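Quick setup: one chain, the form predicted alone, written in structure tokens, and binding and motion questions come after.
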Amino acid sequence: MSGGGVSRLTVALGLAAVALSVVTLVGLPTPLQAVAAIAVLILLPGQALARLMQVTDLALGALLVLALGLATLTAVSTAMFYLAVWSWQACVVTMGVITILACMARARQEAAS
């Protein structure tokens, strides 16, 4: 996007991270909870982090989303486990915060360009 504005996708990712984190913590019927959890724990953080890189290939971008999402989830879960503070709620909140921070970094990139 040119003109120094923040793209709608960046805003949408940040808002989706907040909304799905809250919905996952509040509770949904089991199938919907699983979909929301996968989105919050893997897809949204992976997409937000992948957008910080300038990848133009669609297949590589999709692979990067999954790889970054799973790597971030693994790092967060392992750190929480070793610090003896792991809980699924804390993991959801942490991954939501990582997504929001990555969206804020991307918004800064977009505003600067």
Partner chain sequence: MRHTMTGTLDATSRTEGRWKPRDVWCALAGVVSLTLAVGAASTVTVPVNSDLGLVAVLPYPFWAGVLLLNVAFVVALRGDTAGPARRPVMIWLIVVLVLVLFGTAAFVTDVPRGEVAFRHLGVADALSRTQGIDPDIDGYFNWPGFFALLATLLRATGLDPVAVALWAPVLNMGLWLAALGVLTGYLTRDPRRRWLVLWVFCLGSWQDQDYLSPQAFGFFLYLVVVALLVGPLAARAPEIRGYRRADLVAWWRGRSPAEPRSGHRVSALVVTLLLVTVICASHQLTPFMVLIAITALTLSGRVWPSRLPLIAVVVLTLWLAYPASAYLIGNPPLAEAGLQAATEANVIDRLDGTAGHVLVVQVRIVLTLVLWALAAAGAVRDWRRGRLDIRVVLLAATPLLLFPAQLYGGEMLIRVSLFALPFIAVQACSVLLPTEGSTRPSSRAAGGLALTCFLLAVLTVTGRFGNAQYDVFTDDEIAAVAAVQRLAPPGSTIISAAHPTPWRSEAYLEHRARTIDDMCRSDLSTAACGPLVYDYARHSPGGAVVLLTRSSEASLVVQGASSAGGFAELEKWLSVQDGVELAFSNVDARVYRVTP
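Positions refer to the first chain, counted from 1. No experiment lies behind these values; they were computed from the predicted model shown.
What follows is about the form predicted in complex with the partner chain, which we do not show.
Chemist: Does L41 reach the partner chain in the model of the complex if we count a contact as any heavy atom within 4.5 Å?
Modeler: Judged by the heavy-atom cut-off of 4.5 Å, L41 is in contact with the partner chain in the model of the complex.
Chemist: Q47 near the partner chain in the model of the complex, any heavy atom under 4.5 Å?
Modeler: Because no heavy atom of Q47 falls inside 4.5 Å of the partner chain in the model of the complex, the answer is no.
Chemist: Against the partner chain in the model of the complex, would A67 count as a contact residue? Criterion: heavy atoms within 4.5 Å.
Modeler: Although the partner chain is absent here, A67 would touch it in the model of the complex, with heavy atoms inside 4.5 Å.
Chemist: Is the gap between C91 and the partner chain in the model of the complex 4.5 Å or less for some heavy atom pair?
Modeler: Contact check for C91: yes, within 4.5 Å of the partner chain in the model of the complex.
Chemist: Which residues within 97 to 111 place at least one heavy atom within 4.5 Å of the partner chain in the model of the complex?
Modeler: Heavy-atom contacts within 4.5 Å come from no residue here.
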